[in-house]
Every structure is written in structure tokens, then in C-alpha cells.
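Here you get one chain, nothing else, as C-alpha cells; it is the form predicted alone.
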């Protein structure tokens, strides 16, 4: 399957919700510690290599990105200088970014576009906050500040327009409703930092968390004393976790152990696939909404892989 070489280290990869052949990649120079960043927009061809549709350079590392759910050409990027940048692929590179939002006081580490309302997005930052934005406003709508340490990930609920979750280095996941003054639930999900969270796309009460403790846990927020499942199999911190858009119990994860894993949390032998194609930390993974079983990953080895589950990502 196709592979794309990025000049910098990969940080995140996201399939377009509009075009089955398109994906975006966030990258950072020098492993994201110091230096520039770049957003790549890539196109898959049925038989040939991956081609670059567009690229946008930034003065600092790009840690995450999210496609707009309402405009097929719009991308949101979370940048290490704390800025949140909006790119419009329908405009020439000199016109981009169309907006640069400077409110976070430390690195912006995650971005997620609202899939229900489709007019707003959230960003999570190392300044311990999550911010809510709309496309048409130059300033944030609201700041959510309760976490005691970095917010590594924030994700909208796929069914409820006002509900999102945030994962933090303070070892908690918090559930928020933007109509409420504070968080509505606190999950002390792990004893170590939580790096990622994602909602089940078929059960709006189920959420997965990924931690430095090497585990993924699946929770039902209606009774969160005990996890629904604990998925062990990674040998280092789990960097990202993602629920399948097609199968309710399927989860993809990637880890500092350089692997991408697929899990079915409803069966006893939950680990159903392990891919070891990366030669450095695997830090970005996504599943296509439009093509069932199509996966993408990126890592610090400066490579982006796209492959069908069950095939070898490295196969030509």
C-alpha cells in the first residue's frame, strides 16, 4: 500500500470526511521539540503513489489537525506556539492561513471539529485548558479550565452537539456540556497521564482512554466505577486511540512501542491486529469514514502509511 515521506516527523493524520482519497498530516521538525512545522494534504491514487495536493509551512511544530465537517476545503491545525490556524484549500498558499487564533498560552496539542453542529471546534492545550471556537468568530467562545495539567486530547461526542471529553496529564478524563458552567463528570481513568480519548460512534455513552500506563480502557459513563474493558498489549505509552466509524466495538491505537494495534473490546482476545511498520514512535492513527477498513498512520520516522486492515502496510 502507498507510503509518503514527510520532511519532518509525523504527529497526526486525519482522513477527509468528504473525499475518500484525501488525508491531512501534521508534522514537526526535530521531533516537535524545536523548529518548524508543516501541514500536508495528500491524495491517494488507485494504483499509484501518494501525491501532495497542498502543503502549508508554520514557524512551529504542528501537533494535530481536524477537517471541517461543513466545508470540504477547511482544516484546523493545533500549533506548538499555542496558535490555532485555519487553512482553506480552495485559496492559494499566500492566502493561508485564513485565520490564526492566538489565545492558548502554551502548546496547542489537539483539535476536533464538532460533527453534529458542524460550525464549531475545540482545541486542547498544555496550558491546561480547552477552548471552544466557531469559524466566524476571531476570539474563542469559551474556555474550560479545570484540569490540573496539560490537556492532550479533546473529542466531541458523535451524537450530542454540546458534549465533549478531555484527556489530561492530571490522570483524569472530564466530560463537559457547553451549556453547563463546569464539567459534568470526572473519570479518574488511569494512574498515569492520559494521552488520548475517543467516543464510540455507535454508543454515545462509551468512551476509550489511552495512557502512559501502556493500557487502553473502555468506559461506560453511566457506570464508570469499573471499566467495561482493559486492553493490554502495547509495551510503551499509548499515544492515540480511535473508535471505528463502521464497527461499534473496533478500536485502533498507536504507541511509543512503534506499533499500530486494532482491538475488538467486546471479545476475550481483544487484540485482533498488530502492525509494526513504523521504525520510530507511532503517534498518529486514523480510520476512514468513507472506506471501511482503510487505516492511516504516521510517526517520528517521517512516514505516512495508508493500508487496508488485514494487509501489510509496507507491501508495494
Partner chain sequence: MREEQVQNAVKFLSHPKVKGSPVMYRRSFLERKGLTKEEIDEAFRRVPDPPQNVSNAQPAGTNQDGQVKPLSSVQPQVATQILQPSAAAPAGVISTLTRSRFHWSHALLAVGFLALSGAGTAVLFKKSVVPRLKSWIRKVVFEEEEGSAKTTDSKPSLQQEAAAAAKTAAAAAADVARASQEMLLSKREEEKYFKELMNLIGMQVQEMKSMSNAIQKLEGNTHGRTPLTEQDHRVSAKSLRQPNANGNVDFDSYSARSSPPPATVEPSAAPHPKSYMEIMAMVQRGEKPPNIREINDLPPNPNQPLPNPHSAPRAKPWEVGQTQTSYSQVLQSHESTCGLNSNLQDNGFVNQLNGDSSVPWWQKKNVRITEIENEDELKRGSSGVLTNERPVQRSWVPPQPPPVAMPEAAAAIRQPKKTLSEKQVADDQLVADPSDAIDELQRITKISESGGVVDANGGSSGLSKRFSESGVDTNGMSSGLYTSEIQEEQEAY
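Everything numeric in this text was worked out from a predicted model, so none of it was measured. Positions refer to the first chain, counted from 1.
Quick note: we don't show the form predicted in complex with its partner chain, though the next part is all about it.
Participant: How about residue 57 - does it come within 4.5 Å of its partner chain in the model of the complex, if we only consider non-hydrogen atoms?
Facilitator: Looking in the model of the complex, residue contacts with its partner chain include residue 57, since a heavy atom lies within 4.5 Å.
Participant: Is there a heavy atom of residue 63 no more than 4.5 Å from a heavy atom of its partner chain in the model of the complex?
Facilitator: Contact with its partner chain, yes.
Participant: Mark residue 233 yes when one of its heavy atoms lies within 4.5 Å of a heavy atom of its partner chain in the model of the complex, and no otherwise.
Facilitator: No - in the model of the complex, heavy atoms of residue 233 and its partner chain never come within 4.5 Å of each other.
Participant: Considering non-hydrogen atoms and a 4.5 Å limit, does its partner chain approach residue 227 in the model of the complex?
Facilitator: Taking the distances in the model of the complex, the answer for residue 227 is no, it never comes within 4.5 Å of its partner chain.
Participant: For a quick check, can you give me the residues of 21 to 38 that have a heavy atom within 4.5 Å of its partner chain in the model of the complex?
Facilitator: In sequence order, 21, 29, 30, 31, 32, 33, 34, 35, 36, 38 come within 4.5 Å of the partner.
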